[in-house]
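First, one chain by itself: the form predicted alone, in structure tokens.
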């Protein structure tokens, strides 16, 4: 080895690694040229080119420069461990990308029916998606998405209108002082269970996630302002009376 020598510009041109990067590798003693001219110009021989190729390969799979240095200089260094570590990181990145893709597709679907989309509406939709991802598994979110497609936009809007009407009726009964265990309020409680059943598709795990969200988030946040804590507690007492 050593017969072939390239100046830094020539090496950069042939490998696609910038001159600036090659200079930096020299500065940190990761890749120093084996030769220099009398004028001080860097000259890289075949062994340097091989080391550069190794550095580029390791960088492409996510190794840090310090990890690359240890890999190349310490025979006892566990390359397998680093590969496993970066494989784990890559899986996490893939999962994050898939979650982001789902979020973007859902936002696009939500916004498609709106003529104009305000920044406030976009932010609200993103916040709702983040909250849903906190309580529902990716599989559950996919099930809910498929269920929305099956029901269609018209049925979904009707269910939302029915739910809003039910809340207003419950608020009216509460204002009148009606006992939550009375027949009228219990009828509202039954209707609320029917609407929940329609939303979850009868999936007990999705219903459990829904209940967990309402237990841990303020009711007005979980329902996007559709219901407050007092009305939620009122309906909960009515539902408990059904058992």
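Note that the rigid core is defined as the largest set of C-alphas that superpose within 1.5 Å between two forms. What you see is a predicted model, and the numbers here were worked out from it, not measured in a lab. Numbering follows the first chain given and starts at 1.
Keep in mind the form predicted in complex with the DNA is missing from the figure; the text below concerns it.
Asker: Only one of 207-215, 35-43, 174-182, 193-201 gets a heavy atom within 4.5 Å of the DNA in the predicted bound form; which is it?
Answerer: Of the options, only 35-43 has residues within 4.5 Å of the partner.
Asker: Among the candidate residues 47, 29, 64, 53, which is the single one with a non-hydrogen atom no more than 4.5 Å from the DNA in the predicted bound form?
Answerer: None of the other options qualify; the answer is 64.
Asker: Heavy atoms within 4.5 Å of the DNA in the predicted bound form: does residue 233 have any?
Answerer: Because no heavy atom of residue 233 falls inside 4.5 Å of the DNA in the predicted bound form, the answer is no.
Asker: Spell out, yes or no, whether the shortest heavy atom distance between residue 15 and the DNA in the predicted bound form is within 4.5 Å.
Answerer: Contact check for residue 15: no, nothing within 4.5 Å of the DNA in the predicted bound form.
Asker: Residue 237 versus the DNA, in the predicted bound form: is there a non-hydrogen atom within 4.5 Å?
Answerer: It does not: once the DNA is placed as it appears in the predicted bound form, residue 237 has no heavy atom within 4.5 Å of it.
Asker: Hey, in the predicted bound form, is residue 186 touching the DNA, heavy atoms inside 4.5 Å?
Answerer: Heavy-atom contact with the DNA at 4.5 Å: absent for residue 186.
Asker: The DNA in the predicted bound form: within 4.5 Å of a heavy atom of each of 103, 109 and 152?
Answerer: No, the candidate spot makes no contact with the DNA.
Asker: Output the sequence-ordered list of residues from 9-41 with at least one heavy atom within 4.5 Å of the DNA in the predicted bound form.
Answerer: 9, 10, 18, 20, 21, 23, 24, 25, 36, 39, 40, 41 sit within 4.5 Å of the partner.
Asker: Rigid core superposed, CA of residue 203 - does it shift 2 Å or more between the shown form and the other one?
Answerer: After core superposition, the C-alpha of residue 203 moves less than 2 Å between the shown form and the other one.
Asker: Superposing on the rigid core, does the Cα of residue 145 end up 2 Å or more away between the shown form and the other one?
Answerer: Shift of 2 Å or more: no.
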